[in-house]
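One chain is shown next in structure tokens, namely the form predicted alone.
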Amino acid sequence: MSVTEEVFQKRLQKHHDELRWLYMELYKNNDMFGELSSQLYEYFMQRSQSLKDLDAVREKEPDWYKKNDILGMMMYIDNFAGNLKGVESKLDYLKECQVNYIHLMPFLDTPKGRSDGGYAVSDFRKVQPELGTMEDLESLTQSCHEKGINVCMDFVMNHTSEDHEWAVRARRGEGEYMGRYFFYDNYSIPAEYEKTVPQVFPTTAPGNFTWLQEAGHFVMTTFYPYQWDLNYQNPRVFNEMVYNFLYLANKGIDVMRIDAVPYIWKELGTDCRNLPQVHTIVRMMRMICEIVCPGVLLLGEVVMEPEKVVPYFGTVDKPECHMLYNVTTMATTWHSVATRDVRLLKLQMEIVSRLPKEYVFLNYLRCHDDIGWGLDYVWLMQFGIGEVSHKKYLNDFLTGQIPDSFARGELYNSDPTSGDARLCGTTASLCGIEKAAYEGNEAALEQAVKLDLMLHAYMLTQSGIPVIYSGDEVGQQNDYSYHNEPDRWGDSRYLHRGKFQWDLAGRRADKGSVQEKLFTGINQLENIRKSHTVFDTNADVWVFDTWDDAVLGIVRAHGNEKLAALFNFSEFNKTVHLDEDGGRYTDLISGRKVEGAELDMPGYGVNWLLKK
């Protein structure tokens, strides 16, 4: 047995019994498990030597992704640089941004006009032709690794496009492929599902099933009619999707974002969300990664409240996802901006701070998606804040409908019946940069830039991995051109998915420009963050009372360092209380010395006060 084979056998031996037990519990099919095991070996052998070497390094340092020097950026390939080769040519710019983790938004083959932003995959082993080839992807990931940059991609597990080979053959009536989806020749069973399964997009894609006239069947379509839900009760589906996963991992992907993971197991009589079998599947995927490609991380997309998100980390003994999105904090951050009130944000920071340090969240101000208002309305009700009226206020403020609002956003999936809606917009436009620039109001523009930087400082203060949306580093504003594009005009998320404006990036060194202030400011914050162990993931973190509902106070402590971070979510000057023992501090941002237990803060001010 070669050294390479010994490595595989050692990893397999560590996980084999649990993996087989879980697989047989779900599928009771020994032959299919045998096939899976043999294919794991094949994909391991196909893995390049450079990736195997990287796996070995990361096995020795399993917490490599928990350091305080990782900064992420998410981008659409075509918007950022045209294609994969274009992204490869821009790696020096990303290094200048101090980015060492890039999330490439969906780039696998999808049908034009029915892609859902790339999440309706028609071929898991083909790049969209206009973006390049699999060879281009391998070249990019190799170049990224040479520059110390990790690459993340979306692995869409829950469904395929209706144009996927499986779906095409299922539509023809081939039983094997119909069994990979949820097909019904009458509405009786779909009707039972509809009694308990919520709708994801009640206005734009109502219901959870689509009638296929030419096939004479209904098919389950949780998201959109052209996205057919995969049936993970079929072991062939699980095996084949694992093979797709490993094929992509072998192209040099470091982080797999598993899309819509809570939905992947369907059970009649349930809400088909967060079922126990989902955790079994994710746990198996974690073990498969550790057997074949231990350098690869699982990032779970779980867009739900904290109590439903945290279980996807698994346990210390039986881990599932390496990382999860901090969705609730993102939404509450914008609630705090609109209300100038941090009490709910403080509560949620307290909850997150009490979680085990092993849990790693991705923190962000915005992403490719909309902002949904899944706030803790039970808690807010004690202040007389009702759900319907508050959602309306937030949307009115952040779309500029309220007289004193500085924000410019648009609604997404607005439901006139319930009054519910989500929100879209770039960080710069939501912070007021767009409005102030349009009106030529220099004072308002300065204030908007301060708010933008304060929010980025807050994001960088949280434990975990901060991720910037491409364009935010240079204050890119809303792109309204989608209104004139037939394929996009109905989806307001394209408002903040505009092409990267390289002319703005070209102004990042122009002293006094918005671009220079943001680019330099975020760079400074990141330099500070990676230079102080107080920002390490294993630091102790807690919130403290500033005695002002507009100012959030966070303490980070590690070794002999203690950081008091303060964030003023209002435009008004504030005098705030520091943590109870007062003392002498150095503001890491401004360099000035601070003494005592009180501090004067300007509107939208931020302080990182270090005490040794």
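One-based numbering along the sequence shown. Computed from a prediction, not measured in an experiment: that's the story for all the values here.
Although not depicted, the form predicted in complex with a small molecule is the subject of the following passage.
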Could you work out which of 266, 408, 257, 164 is the residue within 4.5 angstroms of the small molecule in the predicted complex, going by heavy atoms? 257
Under a 4.5 angstroms heavy atom criterion, identify the one residue in 529, 322, 159, 180 near the small molecule in the predicted complex. 159
With the partner left out of view, is residue 456 within 4.5 angstroms of the small molecule in the predicted complex by any non-hydrogen atom? no
How about residue 227: is it within 4.5 Å of the small molecule in the predicted complex, going by heavy atoms? yes
Test of understanding: in the predicted complex, would residue 90 fall inside 4.5 Å of the small molecule by heavy atoms? no
The small molecule contact in the predicted complex: residue 366, any heavy atom under 4.5 Å: no
In the predicted complex, does each of 334, 392 and 569 have a heavy atom within 4.5 Å of the small molecule? no
Select, from the options 230 to 238, 246 to 254, 111 to 119, 132 to 140, the stretch whose residues sit within 4.5 angstroms of the small molecule in the predicted complex by heavy atom distance. 111 to 119
